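There is one chain below, alone, in structure tokens, taken in the form predicted alone.
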């Protein structure tokens, strides 16, 4: 009987540990986490001022193209960092992505969000002390750019996410942020934004599946026009967002 009781206690502790881990995982995607994502429109503000997005249908098309480009260019970095959440892989991916991002606005947005995510994660998820160690070492070396996609994959990998969930989460966060930006730009109302997000969800799943589980060496741009438009953000006469 004592053996059975001990086994039951161990099972309970294991179940409790998994449950607590889920709370940390959910917090990572909570919009209240101060990572700075809502300061960026992912090129939407520039696209609106360039008259490329003027209607709800244009907005939906833009969101779909953005998610496709996110899948083709950034999911490989998220995937590789998730399956190998270590310092060497992270630094290699960070340097590679810095070389691949072709416009200065997008590059700065990526490093700003990635740096914020790493700072917040190192402070919040204290049960993973290596996050703080890795961040401090990177800051000391001065050789790390802290691009968002590799940091996202790294943190998710250390929090126990599987690769598929992490990649879907990255696409979801991108969709959430750009639709939030559309709301603040008065392209769509709050209810319309919720409807749009629900409508795009099946397409987001299809695109996630399409680009899922690819090595960083396979990363590519599928919508170069979006990259060009985002690069024009710095020339806008007035702007609400950083990018």
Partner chain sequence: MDRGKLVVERIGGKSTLTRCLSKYPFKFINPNKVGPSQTDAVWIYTITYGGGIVSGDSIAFDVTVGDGCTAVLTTQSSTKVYKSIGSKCSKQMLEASVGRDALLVVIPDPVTCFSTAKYSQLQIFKVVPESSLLVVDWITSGRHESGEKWAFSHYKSTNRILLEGDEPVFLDTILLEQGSHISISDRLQDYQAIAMIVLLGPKLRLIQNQIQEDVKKLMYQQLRVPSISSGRSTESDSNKHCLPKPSFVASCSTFGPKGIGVVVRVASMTTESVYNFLQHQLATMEALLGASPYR
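From a predicted model like this one, the values you see are computed outputs, not experimental measurements. Positions refer to the first chain, counted from 1.
What comes next is about the form predicted together with the partner chain, which is not displayed.
Across the proposed site, 107, 227 and 232 without exception bring a heavy atom within 4.5 Å of the partner chain in the predicted bound form.
Scanning 100, 163, 124, 116 against the partner chain in the predicted bound form with a 4.5 Å heavy atom cut-off leaves one residue, 100. Heavy atoms of residue 60 never reach within 4.5 Å of the partner chain in the predicted bound form, leaving it off the interface. Although the partner is absent from this view, residue 48 contacts the partner chain in the predicted bound form, with a non-hydrogen atom inside 4.5 angstroms. Contact between residue 222 and the partner chain in the predicted bound form is found at the 4.5 Å heavy atom cutoff. Contact annotation for residue 68: at least one heavy atom lies within 4.5 Å of the partner chain in the predicted bound form. Residues of 191-217 placing a heavy atom within 4.5 Å of the partner chain in the predicted bound form, in sequence order: 203, 206, 211.
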